[in-house]
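Quick heads-up: it's one chain on its own, the form predicted on its own, in structure tokens.
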């Protein structure tokens, strides 16, 4: 088919063509960025915590004085371990998707503000916590009994720690992290092992790159390690065991207050933490479907209007030998050109919108492969939307069309 007659027809309907092209450009920009946001949110929801979530719960109490922590820990550990179905109870300061209590910046040099690594989560953990979490050691060794020191603040002094593989790759790219040192102000740390995955408490807060920047820090019960207890039970028994643990707190330690909101299974903490992300995904999918629907209706409306206007021309073409396939291809080609013009504008608009989102919401740059995917979707949508009016045009008998003035 010759393109020149199609372009000539479009030039005679500049305003309508421009409006549809602008609608397609807007749809392209929204489609690419909305799909990108959906994928980003979905990846975050699928964050690998590194722990055995289905078997774990956390129980948190507060309202106690610092001089009570030793006695409180002893009573809580002994009382909770005695509950039927309880496999283990250990101390921890935070868990993935729970309250964040141990974030701080670290550097490769003591007191350095230029050779920084970034802000990480310090997971203080008592004896037995590593095994209870179900973490996977991929390099180095586990803490020995002598590595569990009292933490009076963020971490014990001169702590021998394990780091997540993501943090190790970031801090010492291409090197083994074993034996490496880092500092947090005056606190000194030495790496003795690497765990495969360990998500920080609030993956949202620090960007996609640092979701697993965590330091597993062995600590002796007491000091700043008190009041938060990691419970482990079989997955089918865990809800019952957690309820029993909650009910037992007033009997074990009547002088403390149970934190009902944060005393949950890890699965429930994950669900609550990502609730807003799921809502956002649903909203974005709704926006995508609505935008594509409106765009398709616009194409159908314009094509139907043009078919009605061109019935005489269609009849003349049919009378001089044009087949139904020729008429169908004419409208499909016309639609393809309009959609292509809109996509070209939409690609530029998509990147402009992405730059705006990067500036205000700290999103990563839109990958280039989203643009051809968006173009293919809109080309397909355009061809489907114009198909009905084009088929009606192709089905007009020549004699009827010729008599229509």
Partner chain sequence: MFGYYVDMALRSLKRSPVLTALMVLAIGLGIGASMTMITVLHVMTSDPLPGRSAMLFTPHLDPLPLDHKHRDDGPDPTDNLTWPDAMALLSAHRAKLQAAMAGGSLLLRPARADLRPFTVSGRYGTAELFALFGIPFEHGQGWSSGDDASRARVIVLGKTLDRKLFGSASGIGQTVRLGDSDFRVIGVTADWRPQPMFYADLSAQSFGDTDQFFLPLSAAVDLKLQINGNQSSWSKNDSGEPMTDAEMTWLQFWVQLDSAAQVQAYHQFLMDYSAQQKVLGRFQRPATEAKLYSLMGWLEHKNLVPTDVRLQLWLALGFLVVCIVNIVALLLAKFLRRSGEISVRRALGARRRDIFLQLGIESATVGVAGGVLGLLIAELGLWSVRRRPDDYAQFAQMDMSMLLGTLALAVVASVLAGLLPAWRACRVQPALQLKTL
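Residue numbers count along the first chain shown, from 1. Keep in mind that what you see is a predicted model, and the values were worked out from it rather than measured.
The discussion below concerns the form predicted in complex with the partner chain, not included here.
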Margin query: Is residue 395 near the partner chain? Define near as a heavy atom within 4.5 Å, in the model of the complex.
Written below: no
Note to self: Check residue 369 for me: does it contact the partner chain in the model of the complex (non-hydrogen atoms, 4.5 angstroms)?
What the structure shows: no
Margin query: Contact with the partner chain in the model of the complex for residue 302, defined as at least one heavy atom pair within 4.5 Å: yes or no?
Written below: yes
Checklist line | residue 37, heavy atom within 4.5 angstroms of the partner chain in the model of the complex | finding: yes
Notebook entry, point to check: Which one of 137, 319, 208, 297 is close to the partner chain in the model of the complex, taking close to mean a heavy atom within 4.5 Å?
Noted result: 297
Margin query: Please identify, from 48-56, 353-361, 370-378, 340-348, the stretch that has a heavy atom within 4.5 Å of the partner chain in the model of the complex.
Written below: 353-361
Next item on the list: Tell me whether 119, 186 and 276, taken together, all sit within 4.5 Å of the partner chain in the model of the complex, counting heavy atoms only.
Entry: yes
Note to self: Within 4.5 Å of the partner chain in the model of the complex, counting any non-hydrogen atom, which residues from 272-296 show up?
What the structure shows: 275, 276, 279, 280, 283, 284, 287, 290, 291, 294, 295
